[in-house]
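Just one chain follows, in the form predicted alone, and it is written as C-alpha cells.
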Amino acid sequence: MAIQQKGMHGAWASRWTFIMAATGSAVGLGNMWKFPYVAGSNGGGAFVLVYLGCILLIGVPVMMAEVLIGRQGRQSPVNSMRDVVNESGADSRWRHVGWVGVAAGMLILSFYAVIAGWALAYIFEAASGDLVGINGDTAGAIFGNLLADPGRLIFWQSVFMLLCIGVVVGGVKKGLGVAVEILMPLLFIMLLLLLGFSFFKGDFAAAWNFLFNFNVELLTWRGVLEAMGQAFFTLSIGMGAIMAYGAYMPQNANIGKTVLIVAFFDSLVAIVSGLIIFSIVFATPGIEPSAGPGLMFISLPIAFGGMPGGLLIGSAFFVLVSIAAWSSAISLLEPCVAWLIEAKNMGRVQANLLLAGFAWLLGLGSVLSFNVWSHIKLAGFTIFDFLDFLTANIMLPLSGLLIALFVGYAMKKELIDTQMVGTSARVMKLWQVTLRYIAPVAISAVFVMGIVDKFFS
C-alpha cells in the first residue's frame, strides 16, 4: 500500500516497542510530583475515579486521533498534517496544527532539560551522604544553592541534553527503539523495587488512604477540571511526540487497543509513584505533602536522609525520575528532527545537534531565570514560568483541540477507516462521539481554566 511506502524514518520493531515508546513519552515528571498530590488533595479515590473517566473520554480519544494522523502521514507531524489535510480535501489552514505541536514540544524541551538536570544532580547529592540527618532549612538551602548556581544548572542541563542526543541520533530502530526497550523495563523494575521498600519501610497505609480514601466532599468542580487537565496533559497530547511516534507504528497494530494499553501504563506509573512518595513522606515526622519541586527536592530528601538505607533509596529514586524525564524528552526532540531531515535533507546527526543546540540555548533563559535574570519578567512571569504557561496553558490545549476537531469533522472518512481497520462499529461510533462533542468541550474548559487561574484568581 502507498501508506507503507511514505515513511523515510523506519518503523518500530513491534507494536510493543511503540507501546513502550509512547508510554515513555507520556510518563514524566508530572506523573511523579503533580498527580499524587492533586489526587490526594481532591478527594483521593473520588478524584482518581474522575481522572480515569477523563482519561477514557478525553485523553484516549484525542491520543487515538493523533496516532491516526501520524500513521496515515508516515512523516514528521508537520508533513503528516500537510499530507492528510491535502488527502482529505480540507481547508489548507489545518496544516498549521502540526507546527503548533512541534513548536510546543521544542519549547517544552528547553525548560524540561533544566528540571531534569535537577534530578541528575540529586542522584549525586543523595549518593554523597550530604542528605544524612538534614532538616527542612538545610534541605531548602541545598535546593536553593543549586538554583542560585548557573554553572551547576548549565552543567546538568548539558549532560541531560547530551543523553537525549545520544538516543535520537540513532534513529527509530537503533536509537529510540533500543532506548525504550531498555529504559521502560528498567523504569518498571525500579518502580517495583521502590514500591517494595515503601511498603516495608514507609507508612504505606497512610499513603494508600491519602490517595484512595473516597472523600466525595473534597471533590469540587474545580477538582473535576483538574482531573480533566491532568488526563489531557499526562498522555503527551498536542506536542507532536505521539504523532511522530504514530508515524513509525506498524500498520497491523490496532490503534484503539494500543492506546488503551499506553493509558493504562501511564496511569499505573502515576498511582504507584504516589504510593512510593507518600509512603516515604508520611513515615517521616514533621513533613507535609506538597506539590511541585518542594515535594521532590525538599520534602523527599529530608525523608531519605532520615531513614535507614535512605541514601541508596534516594539515589535510586532520582535515577527513576531521570529515566522518566529522559524517555519523555527524546520524544520531544524527535518530531522536529524528523521534519529537518525531510524538509532540508539534513543528516540525522546534523539535525540533532542543530535542534538540541537551539533548545539548549533557549533553556539558558530558564536557567538564568532562577538567579541572575530573576528580575526579568515577560507578561509578569519569569522566563521559565512564561514558557511553562505558554506551552501548558495555551499551545498544548489548542493543539489537542484542533486535532480532535480535525479528525472529528474534517478528515476524510476513507482515510480514518483505513487506519481503524479491525475496530468494531460500536467502538468507532463511541470514539467519534467523544472526539466530536465531549473532548472539545472538556479541553476548552481546561484551556479557559488555565487562563483564569493565571490572570484572574
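So that there is no doubt, residue numbering starts at 1 and follows the sequence shown. Predicted model, so just to flag it, every value in this text is computed and none were measured. Rigid core: the largest C-alpha set superposing within 1.5 Å between the two forms.
We do not show the form predicted in complex with a small molecule, though everything after this point is about it.
Q: Kindly indicate whether W99, A244 and I341 are, all three, within 4.5 angstroms of the small molecule in the model of the complex, using heavy atoms.
A: Negative, none of the three is within 4.5 Å.
Q: To test your reading of this chain, name the stretch in 366-374, 108-116, 346-354, 189-197 whose heavy atoms come within 4.5 Å of the small molecule in the model of the complex.
A: In the other structure, the partner sits against 108-116.
Q: Is there any non-hydrogen atom of G28 lying within 4.5 Å of the small molecule in the model of the complex?
A: Looking in the model of the complex, residue contacts with the small molecule include G28, since a heavy atom lies within 4.5 Å.
Q: Does the small molecule get within 4.5 angstroms of any non-hydrogen atom of F233 in the model of the complex?
A: Close contact exists here: in the model of the complex, F233 approaches the small molecule to within 4.5 Å, heavy atoms only.
Q: So in the model of the complex, does any heavy atom of L332 sit within 4.5 Å of the small molecule?
A: It does: once the small molecule is placed as it appears in the model of the complex, L332 has a heavy atom within 4.5 Å of it.
Q: Taking any heavy atom pair closer than or equal to 4.5 Å as contact, tell me whether S267 reaches the small molecule in the model of the complex.
A: S267: no contact with the small molecule in the model of the complex.
Q: So the small molecule isn't shown here. In the model of the complex, which residue out of S299, S273, S328, T258 has a non-hydrogen atom within 4.5 Å of it?
A: That would be S328.
Q: To verify the annotation, which of these, V84, M239, C336, V180, has a non-hydrogen atom within 4.5 Å of the small molecule in the model of the complex?
A: Flagged contact: M239.
Q: Superposing on the rigid core, do we see a C-alpha displacement of 2 Å or more at G400 between this form and the one not shown?
A: No, because once the rigid core is superposed, the C-alpha of G400 moves less than 2 Å between this form and the one not shown.
Q: Is P36 one of the residues whose Cα moves 2 Å or more between this form and the one not shown, with the core superposed?
A: Yes, the C-alpha moves 2 Å or more.
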